[in-house]
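What follows is one chain in structure tokens, specifically the form predicted on its own.
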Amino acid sequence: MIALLIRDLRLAVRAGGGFGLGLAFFLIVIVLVPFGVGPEAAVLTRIAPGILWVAALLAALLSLDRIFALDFEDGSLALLATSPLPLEGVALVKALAHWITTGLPLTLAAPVLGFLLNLDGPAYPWLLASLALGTPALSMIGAFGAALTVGLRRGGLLLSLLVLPLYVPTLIFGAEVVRRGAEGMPVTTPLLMLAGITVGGFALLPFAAAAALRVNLR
């Protein structure tokens, strides 16, 4: 599993689907928001939690179609299906590699970009905490969607349509954690819900992704 993880990390960087693309998109969205809604500090402060989470979600969505597509095209996925490592483990490693190259850089960059949206000071640790808990769920859900659409023509568009509705609970609870943290309200409930989504996703979705891969490889 470690060898597969290292291989996927190298491929993500070499193929241009790594953290650079996601970070660039994240930065562009955050920079454009003040031009669209105006420079008023009060308005930016109010919408900052939601905008940061929406931008992170869309940035994570950009590279989802590459999770299995490259391996499917060169035949590596068929070899992985016959290897001693079960497909459930392959799906888990692919999701982890996607999070390391996309979700983790977005999490680390979010506090810096929060300054551009005048995010309240007390919200910064909760922004980090919510993204650290929520972005792994985005990667795992994305890996499941990528497994469903691997090998399909225009699968990237279909993948977006399939995955975006599944991202909504993570988005809601993630933004709520940041909003409550900024206002000094208790964050326990949305934080636990966010953690539950991530844990549940990693417990169940590798099996669903493996089943989808087996169907698509027949």
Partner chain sequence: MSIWEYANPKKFMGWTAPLVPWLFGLAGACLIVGLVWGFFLTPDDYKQGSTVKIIYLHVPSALMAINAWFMMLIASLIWLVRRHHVSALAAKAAAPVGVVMTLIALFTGAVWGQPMWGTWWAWDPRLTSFLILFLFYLGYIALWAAIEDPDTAADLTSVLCIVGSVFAVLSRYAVNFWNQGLHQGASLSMDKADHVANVFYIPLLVCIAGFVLLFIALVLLRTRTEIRVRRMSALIARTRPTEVTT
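From a predicted model like this one, the values you see are computed outputs, not experimental measurements. Residue numbers count along the first chain shown, from 1.
Here the subject shifts to the form predicted together with the partner chain, a form of this protein not shown in this document.
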query: Would Pro165 sit within 4.5 Å of the partner chain in the model of the complex, counting heavy atoms only?
result: yes
query: So in the model of the complex, does Ile6 come within 4.5 Å of the partner chain, heavy atom to heavy atom?
result: no
message: When the contact criterion is heavy atoms within 4.5 Å, does Asp65 count as touching the partner chain in the model of the complex?
response: no
message: I'd like to know whether Pro169 contacts the partner chain in the model of the complex, with contact meaning heavy atoms within 4.5 angstroms.
response: yes
field: Leu158, Phe173 and Ala208 all contacting the partner chain in the model of the complex, non-hydrogen atom within 4.5 Å
entry: yes
statement: If we test each of Ala123, Leu113, Leu133, Leu148 for a heavy atom within 4.5 Å of the partner chain in the model of the complex, the one that passes is Leu148
query: Exactly one of Val43, Val33, Val54, Leu152 has a non-hydrogen atom within 4.5 Å of the partner chain in the model of the complex; which residue is it?
result: Leu152
- prompt: Looking at 186 to 194, 35 to 43, 56 to 64, 22 to 30, which one sits within 4.5 Å of the partner chain in the model of the complex if you count heavy atoms only?
  reply: 186 to 194
